[in-house]
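What follows is a single chain, given as structure tokens, in the form predicted on its own.
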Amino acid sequence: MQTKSAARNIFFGGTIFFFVVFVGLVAHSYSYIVNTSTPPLKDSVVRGKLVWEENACINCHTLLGEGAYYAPELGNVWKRYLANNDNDPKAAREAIITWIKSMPTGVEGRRQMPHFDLTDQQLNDLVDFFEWTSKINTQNWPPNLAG
């Protein structure tokens, strides 16, 4: 049997130990956040995020692993299209915009993205948002370009 003083010592010792661990983890997280550079936000990126939210893209797509798994990951869509277009940013931008405009394709048996009547400005802002998202240090998430 344990005495009251032994139980009290275990309780206080454990509390102090886990408090020190907690403070260490908070300090580590803080130093990681401070030392991680995030790309600067432009107005077009903010508007692109608004287009993303207004059209509820996250109901089907994931963005950096968050969202629905019905459609492809879009946190690295810029990198995918850039790689498929010989690292030409203009060609990648046009390819993404063309893809969005051509939906739904009507291919039988495939999941179809709804048609959104987005203006050219909204499409460019959305692509700017995808480009900005691709520059976030995600520690190699998703693990491959296919998303």
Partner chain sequence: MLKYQSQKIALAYFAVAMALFVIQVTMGLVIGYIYLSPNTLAEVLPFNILRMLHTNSLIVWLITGFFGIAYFIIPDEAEREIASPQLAWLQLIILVVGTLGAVLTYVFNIAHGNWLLGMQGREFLEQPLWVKVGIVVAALIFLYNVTMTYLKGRKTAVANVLLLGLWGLALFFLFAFYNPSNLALDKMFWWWVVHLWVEGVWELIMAGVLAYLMLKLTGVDREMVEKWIYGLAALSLFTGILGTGHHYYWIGTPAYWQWIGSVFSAMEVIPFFAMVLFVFTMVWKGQREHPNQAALLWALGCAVLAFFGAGIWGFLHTLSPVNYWTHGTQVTMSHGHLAFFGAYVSLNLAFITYAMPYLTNRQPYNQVLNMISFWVMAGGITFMTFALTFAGAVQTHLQRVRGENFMDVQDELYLFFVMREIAGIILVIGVALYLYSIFVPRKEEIIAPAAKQPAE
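Note that the coordinates shown come from a computational prediction; the quantities given were computed from them, not determined experimentally. Numbering follows the first chain given and starts at 1. Under this definition, the rigid core comprises the largest set of C-alpha atoms superposing within 1.5 Å between the forms.
Below, we refer to the form predicted in complex with the partner chain, which is not included among the displayed structures.
Remark: D120 does not count among the residues lining the partner chain in the predicted bound form, judged by a heavy atom distance of 4.5 Å or less. For T38, a non-hydrogen atom is located within 4.5 Å of the partner chain in the predicted bound form, even though that partner is not displayed.
Heavy atoms of E53 reach within 4.5 Å of the partner chain in the predicted bound form, making it an interface residue. K79 falls outside the set of residues with a heavy atom inside 4.5 Å of the partner chain in the predicted bound form. Annotation for 11-47: interface residues with the partner chain in the predicted bound form are F11, F12, G14, T15, F18, F19, V21, F22, V23, L25, V26, H28, S29, Y30, Y32, I33, V34, S37, T38, L41, V46 [heavy atom within 4.5 Å].
Remark: with the core as the superposition reference, the CA shift of T36 between the shown form and the other one reaches 2 Å or more. After superposition on the rigid core, the Cα atom of T138 is displaced by less than 2 Å between the shown form and the other one.
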